[in-house]
Each structure stands twice: as C-alpha cells, then as structure tokens.
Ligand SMILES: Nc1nc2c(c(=O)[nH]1)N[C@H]1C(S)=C(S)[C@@H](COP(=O)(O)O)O[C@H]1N2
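Taking the form predicted on its own, here's one chain by itself in structure tokens.
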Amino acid sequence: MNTRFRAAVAGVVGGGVAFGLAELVQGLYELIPSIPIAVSQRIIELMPGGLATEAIGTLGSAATPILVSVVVLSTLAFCGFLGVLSRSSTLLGLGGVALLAAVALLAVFSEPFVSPVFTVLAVLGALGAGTAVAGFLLDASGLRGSESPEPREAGGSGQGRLPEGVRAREAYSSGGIAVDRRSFLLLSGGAAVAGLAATGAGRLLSGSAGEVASSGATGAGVASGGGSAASAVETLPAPPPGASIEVPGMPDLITPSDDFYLIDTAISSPRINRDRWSLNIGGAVDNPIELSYEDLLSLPARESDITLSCVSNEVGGGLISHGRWTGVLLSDVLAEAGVARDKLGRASEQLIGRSADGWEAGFRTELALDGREALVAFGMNGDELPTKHGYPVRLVVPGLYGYISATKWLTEIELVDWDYDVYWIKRGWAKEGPVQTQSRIDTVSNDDELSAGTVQVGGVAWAPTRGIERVEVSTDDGETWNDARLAEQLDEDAWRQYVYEWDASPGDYTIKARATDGEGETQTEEEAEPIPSGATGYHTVNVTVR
C-alpha cells in the first residue's frame, strides 16, 4: 500500500467519522439537520428545470437516494484528496476542511426548524473529530509532511528488531514512530466501522423520532374517537362489499398508508411539533389569519375518499394510490379569511400552498370553492398523517395532480395573481394540472404466460371529480372492445375496480384497457409523455396463452 493511497484512506475514514457523528447527533436532537440531506436538498433547489424534470422522470422515487449517495461519496472522495494534500501541507488540508464546514453550514441553515447554536456546534464538532481521526492516521503512518516513497521495513541494515507493528523512525521525514500496513488497516478499519455505526444509530434514532412525532392519534385514530378531533369529524361508513372485486393481483380499494406512493422534492420529512405548528392564510384576502392545530380541529371536519396521482406517472404506472383522508374543507378554511367565490379577482386568482421547507404548489383559487372536497387534511386512513405524507397538515385536492396541489407539511396559504409561478412550473410543467381519465391493468402483466380458459383481466380506473362510468377491455390490440364488470363506485373522487372475464384460447395477444368518465368522455388513445401535463394512452400488455 503506497503512501499516497494510505493518506487518501486516512482522509476518507476521517470524513466517514465526521458524517457518522453528525448523523448521530441529528438523530438525538431533531433541530439539528442531517448534513448530506441538507446539501442534497440545496442541490435540488438549484438544479436547472430540465435536469430536475429528467431526473424525476427517469429515476422516479430512486432519484432521492441516488442523489444523497452521490453527495456522500463525492464528499468522501474530497476528504481523500485532503488526506493526500495534507502530506505536503497541513494548512491546505485544514483549508479544505474549512470549506466543507462552510458548505455544510450554508446547507443546514436553509432547512426549516434549525437550532443555530447546537447546529454550529454539531457541524464543527463532527468535522473536528473527523479531522483529528484523519490526522492521527496520517501521523501514525508517518505520512505528514512526507512525499517519500514507501518506507522499508525495519529489521535490516544493522538495526535492532522493533516490536511487531512498528517501523523505524528513520524511514519517515516526520521523525515519528509509525505503524505498519496491517496496523494501519486495523486502525482505519476500526474508525470506519465506528463511523458507520454512528451513522446507522443516527438514522435509526431519526426515524424513531419521526414516528413519535406523528403518533398522537395511534390506536383510536382521528376518525373513530381518538384525540381532540373526534367530536368534529363526520366519518364515512366502511366501504360496501360491492366496492371491491376479489381477484388475484387487484390493488386494495384503500391503499395502506405504508404502501401509498411517494414522490417528493423534500429529501427528508420535516419533523414538526403540532403544538407549535400554525397555518397562515394571507395575500389577497379580506381577513389574514393564523390558525393553530387546535383552531383547525375546531372547524367541522370530514372523511373523504380521494385518489391521488403523480403527473410523472407513466401509463400503467404505480404512482397513484387511494386514501381515506380526514380534514377540514379548504373552502371553510378560506372562509375564515374572508375568501368567497364572488370576491375573487385578478389579485386572488391563484392559491399557493407553502410547505415548512419552502416548497410551493399553486392552482386556481376557484377550484377550492367549486364544491369539490378539497381538504386541509390532518388524517389518513383513520389515523393522523404519517410524517412522510405531510404531518401534521397537508392539502388534498381531488382532480388535480400533486405537483400543483398536494402541499405537504403545510404552513401557509397565500392568494396571489395567476402570473406567479411555483416550483414545478418554473421547471417546464403545465400551469394547470387536471388529472387525466386513465385506467390500468393490474391482474395480468406484460410477457405473462397464461393458461387457456377463463382469464380475469382487471384493475383500476380513475377520473377524480368525474367518476368512472365504463371500462372496456380489448384482447386483440384494440380491434374490438368488451365491457368489463365494474365494482360499485365508492366515490366520484375514488378509483374504481373492474374485471373482464376473458375466455382465452392459445396464442399471443395484446390486451388494452380504456375508461369512460362520468361526463361521457373516453380516455384518449393518443400517447403522450408525462411532461408537461400527464401521460396519456391505453395501458397495453402482451401475453401468451398456452
């Protein structure tokens, strides 16, 4: 192992220890942000629109872990470079550490809910500890200030034999007693394991803290008698048996919270104490107000069945789920601020929802007042919102894609003019995002080999605010169409299950599905990519029947 490589290892191990300690402290105290996550978040915010769109479209939910991994690996590589640099100049190495500290502090102080003093101490302490570990490994190997080639082992040239693991000081320009390669590997490996253990403990503690933050209604739940919201909630009856079709491969009528699709620009979920949370409603309103969590719960609340989908979902994709949401009508909240449909003007044409981390979504204000069950939601599937789905409060607006409406961790609503552009509009997506009428085949998949006889071709169709009136299935690539059997419509805002009993003979087949909404409009066959306003076309699968 040559000296340059050993110096790089020392720098990487020091960087790993710094990461680990910072993550451990972050897990212990929620007001200290995670450094790699904060840096990744700033990269997303500064990323050009086309690149951000391409990344989300190509990588989907994998974009976030890939970005964080790239940030961590790039930082560790830089730490390795600093280790090599420190061989000839300790001052330059420390300058690189100062640069890392500056970047880290700039990133973490852009996060919401930061404790300034403890965050500075955590960042500087972690980097200081990592620098000390790297310095120790460099000194222990006698590499500081040395550009000499790999030293010879002690024991020759007339010298007495030294204890195992130690080399002669004459071999190093630093003049210190140094460990051999095996001892160096043991020391650096031990430090690396300690850094990884600290990182794991920090992430585990952070995840536990996030669950605790949103566990206030566990057990009884917000919709069934638990917590302070119980008396105000107008609950829904259990879904009727006819609303579900029991066919292998059919998705659940109500998606479990843990399985609900997740696409965010937020790398990590803000951990918000609901007792300190408030919702500010301002902009072009008659009566700007601020509501606490208790204020919100004092308003009449209801449960609503609403299917949400992501605009970046491909035809037949999985970025769609159905939930039973609990909350206050957005129109009722706006009424508290003096907003009414007959008072809207140019200055109040657009409703902006802002998240605790500054993210924005915006849609036409009139859509919050047209009778749809748009909610300021605090519950999901009979419990409080999970942290990752917007705890303590989020917006849920049926009929609109999430990129313009589904503000999680909601802290502000502002009414502005239509010229104001929010996050994804600046990145090339359409200004208005009504959900397309769509259907998906779930019970058979592309390239399946099926047995001859009755084959149940089924799945879900959706057209929020309009409902689904008809689903047709073709088994001959669209030449002929057959009506599928529909489950009972749970709600016009909910997806609807269907199944077609196909008498299949041996051969190769192309199966397609199409839906017609409650207004008589059949989904278009024209194929379009998700950007800028949602994918269109018929979901198509090719199968072989034996």
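Note that residue numbering follows the sequence shown and begins at 1. Given the structure is predicted, the values throughout are model-derived calculations rather than measurements.
This next part talks about the form predicted together with the named molecule, which is not shown.
In the predicted bound form, Leu415 stays away from the named molecule, with no heavy atom inside 4.5 Å. Contact between Leu375 and the named molecule in the predicted bound form is not found at the 4.5 Å heavy atom cutoff.
In the predicted bound form, none of the heavy atoms of Phe363 sits within 4.5 Å of a heavy atom of the named molecule. In the predicted bound form, no heavy atom of Ser141 sits within 4.5 Å of the named molecule. Here the chain stands alone, but in the predicted bound form its contact with the named molecule, taken as any heavy atom within 4.5 Å, falls in 303-311 among 197-205, 237-245, 453-461, 303-311. Site annotation in the predicted bound form: the residue of Ser474, Thr131, Ser355, Ser269 reaching within 4.5 Å of the named molecule with a heavy atom is Ser355.
Just one of Ala406, Leu291, Val72, Val444 comes within 4.5 Å of the named molecule in the predicted bound form, counting any heavy atom, and that one is Ala406. Interface residues of 250-265, taken as those with a heavy atom within 4.5 Å of the named molecule in the predicted bound form (partner not displayed): Phe260, Tyr261, Leu262, Ile263, Asp264, Thr265, in sequence order.
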